[in-house]
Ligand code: ATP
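Heads up, the chain below is alone and in the form predicted alone; it's given as structure tokens.
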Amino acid sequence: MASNLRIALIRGDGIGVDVADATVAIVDAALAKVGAPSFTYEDIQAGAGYFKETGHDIEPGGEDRAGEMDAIFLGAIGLPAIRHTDGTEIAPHLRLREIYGLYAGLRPVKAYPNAPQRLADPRAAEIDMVILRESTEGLFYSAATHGRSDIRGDTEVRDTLRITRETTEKLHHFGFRYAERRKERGRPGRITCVDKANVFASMAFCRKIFDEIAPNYPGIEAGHNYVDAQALDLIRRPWDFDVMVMENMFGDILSDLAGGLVGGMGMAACAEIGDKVGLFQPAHGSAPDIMGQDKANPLAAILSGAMMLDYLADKADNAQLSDAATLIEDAVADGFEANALRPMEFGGDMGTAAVTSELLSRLR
């Protein structure tokens, strides 16, 4: 039952607090609309601000508590002025990815009417794709846990790029199944493996596993693209892509590029899913330059909340939660269609509170 579902709520730093609070309000309103009880939210302190106060990036026992919940929601973490001694930012969420094997990083990219579309071609209005970023290995393998980088004094640093068969098989199966699900909803049913297999043995290995798995999904069109060509194609013809699966660092870069095509990072929702745990967060940063000013666009966080509802609908076998997710997604789409959502991020006149209030009015 939905009444038993508990959410680990990590508000984090900067605008993370505001957008997390906005998401909780919208998710609760959608649940009420479909007749489902609210979730139980359990706060966990983490982030750069917490590190500055305590010397720890997450509260004692926080990692274990987060994994015991039905899902994790995170606002934003990190403040540029607060760093570890090696110069890297505070990032306990990278460790959560590794601890709980959150290998499937979903980054949906969708164009909305009356939201900025950076390409002049009218087909830009048709952009609706998903970047599937492997989130536990790749080049970020060295970043998840301190001590993995080979720091040779002040003359050289070596980081490790790791690709394993076990994780890569799970990632590609997830991608093909996700493409099948999108095809059922009217999308093309196409998946592209994005790599650099012509240069790196690790990328050739990733592509090899993709090609081994593809025949298991005959209804899905499978293809390849080198990452540099993919970056070009996201400018030339992004409307031709459906699901793209790729290594961690490639996904980190291309998801930001793709987000810029449909307005900016304020629309960049994100889900990070493992076999037993799911973490949901906006893909943008903590934006300390606008924290506390009611200027943040909460839509990336709110759409991440809808993804959390979809995830929990499957996990709890509860169709009400899927209905609540659809209500949120439709409210955002309809709000843009009516030009009733005008975030300051896009040059509009609506801050965090106003955007949240407009969506709440559409969910009542």
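Computed from a predicted structure; not experimentally measured. The first residue of the sequence shown is number 1, and the count goes up from there.
Another form exists, predicted together with the named molecule; not displayed. Remarks below refer to it.
J.: Do all of A111, V243 and A269 end up near the named molecule in the model of the complex, with near meaning a heavy atom within 4.5 Å?
T.: None of them does, since no heavy atom lies within 4.5 Å of the partner.
J.: Sort through 150-158, 286-294, 206-214, 179-187 and report the only stretch with a non-hydrogen atom within 4.5 Å of the named molecule in the model of the complex.
T.: Of the stretches listed, the one contacting the partner is 286-294.
J.: Can you work out which of I131, V194, L279, I77 has a heavy atom no more than 4.5 Å from the named molecule in the model of the complex?
T.: Result of the distance check: I77.
J.: M265, A91, M249, L257: which sits within 4.5 Å of the named molecule in the model of the complex by any heavy atom?
T.: Comparing distances to the named molecule in the model of the complex, the residue within 4.5 Å is M265.
J.: Consider E345 of the chain shown here, and say whether it contacts the named molecule in the model of the complex, taking contact as heavy atoms within 4.5 Å.
T.: Yes, E345 sits close enough to the named molecule in the model of the complex that at least one of its heavy atoms falls within 4.5 Å.
J.: Can you check whether I10 is within 4.5 Å of the named molecule in the model of the complex, heavy atom basis?
T.: It does not: once the named molecule is placed as it appears in the model of the complex, I10 has no heavy atom within 4.5 Å of it.
J.: Is V355 close enough to the named molecule in the model of the complex to count, meaning some heavy atom within 4.5 Å?
T.: V355: no, not in contact with the named molecule in the model of the complex.
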